[in-house]
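Before any questions on how it binds or moves, here is one chain, the form predicted on its own, in structure tokens.
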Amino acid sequence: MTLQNKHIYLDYNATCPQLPQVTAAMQDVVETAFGNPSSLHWAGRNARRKLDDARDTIAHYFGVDAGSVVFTSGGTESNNMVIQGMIAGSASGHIVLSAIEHPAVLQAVEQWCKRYPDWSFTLVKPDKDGRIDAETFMAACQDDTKLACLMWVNNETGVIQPVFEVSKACRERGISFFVDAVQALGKFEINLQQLDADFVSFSAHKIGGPRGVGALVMRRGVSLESLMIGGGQERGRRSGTENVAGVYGFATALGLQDFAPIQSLRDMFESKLLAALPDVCIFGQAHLRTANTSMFCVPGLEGETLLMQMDLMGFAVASGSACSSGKREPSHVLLAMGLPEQQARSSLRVSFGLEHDEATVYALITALCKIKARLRQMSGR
């Protein structure tokens, strides 16, 4: 593998390349089921069958009833549906959420609580490994707490959160529980009957499905104030003509990618990285993280600079959430974990895919060592 002419994509937590099977399935729907699924004629019925088939497939995969699945444009919309729907549906209340949530949750809560001053929220910080303690989280709940938000897997560190413990505690206290499961999809088996959360959000592009397609799974019996008003689609919970081809692509992608076998490759990378660059700090214990994710910092080097240098050498990596790209602020996740701002600015995230192998690891380590040496030389250190 030559670094000069080989592009290596290592940003799977941001998005996965769309799988060929997904593209083929979507193309078939575009050509054969082009009608509006709300129309009563033959073209509409063809589209409705594809939509229903996809909903049944997705529901079966998650272990829920088909009526629990609401199709959206992705994780961001699903997250906002829950937060805005809960706040709009009640005059006052309190929300508990972790300080490491995706901006689509954090910023939505902050904005809507400013707009509705009778609502308030409490942020719960993680430990030094980036994991929320379930007891600490529940201790932040108040008598008027109506919603608790805890992501299943952090998108930056890959650390898995104690959603089962929190879900059980919320059910006992009558608090609605929302799980952003966007980064969990494809990383391990997901059974929402066992989780028993009120709301769970997903996004298709994290597993090789199309971008701009997602789902919100709602527990039977719960309801939200609808934010999209108009045609009454999705049982009145999200109006707008459904993206039938995209939804069918989402259903096709389920189960095609299993990231678990990548753990040995990820562990190999981290072992060799520490051997080559002993001052590197890796965030989160390996057994607490999903198999494909490694977030680390190279002390003394700006993360954005390191990322750009990696890009020039053909590597696609990240310095945090892809949704926050272009911002110069340090990772809010690392700051919440107690890291100094300078260390948080020096972070880099590598998220492996199924096509990677040992050659990828050696090329990546070589590139990092060369870049560090070059930047140190330029800075005169």
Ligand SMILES: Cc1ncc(COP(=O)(O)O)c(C=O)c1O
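Counting begins at 1, following the sequence as shown. From a predicted model like this one, the values you see are computed outputs, not experimental measurements.
Another form exists, predicted in complex with the named molecule; not displayed. Remarks below refer to it.
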property: Contact of residue 186 with the named molecule in the predicted complex (heavy atom, 4.5 Å); result: no
property: is_contact(residue 76, the named molecule) in the predicted complex, heavy atom dist at most 4.5 Å; result: yes
property: Residue 155: touches the named molecule in the predicted complex, heavy atom cutoff 4.5 angstroms; result: yes
property: Contact label in the predicted complex: residue 252 to the named molecule, heavy atom within 4.5 Å; result: no
property: Listed residue (238, 289, 206, 266) with a non-hydrogen atom within 4.5 angstroms of the named molecule in the predicted complex; result: 206
property: Single option in 151, 166, 159, 83 placed near the named molecule in the predicted complex, where near means a heavy atom within 4.5 Å; result: 151
property: Which of 304-312, 220-228, 177-185, 121-129 lines the interface with the named molecule in the predicted complex (heavy atom within 4.5 Å); result: 177-185
property: Stretch 84-112 - residues with a heavy atom within 4.5 Å of the named molecule in the predicted complex; result: 102
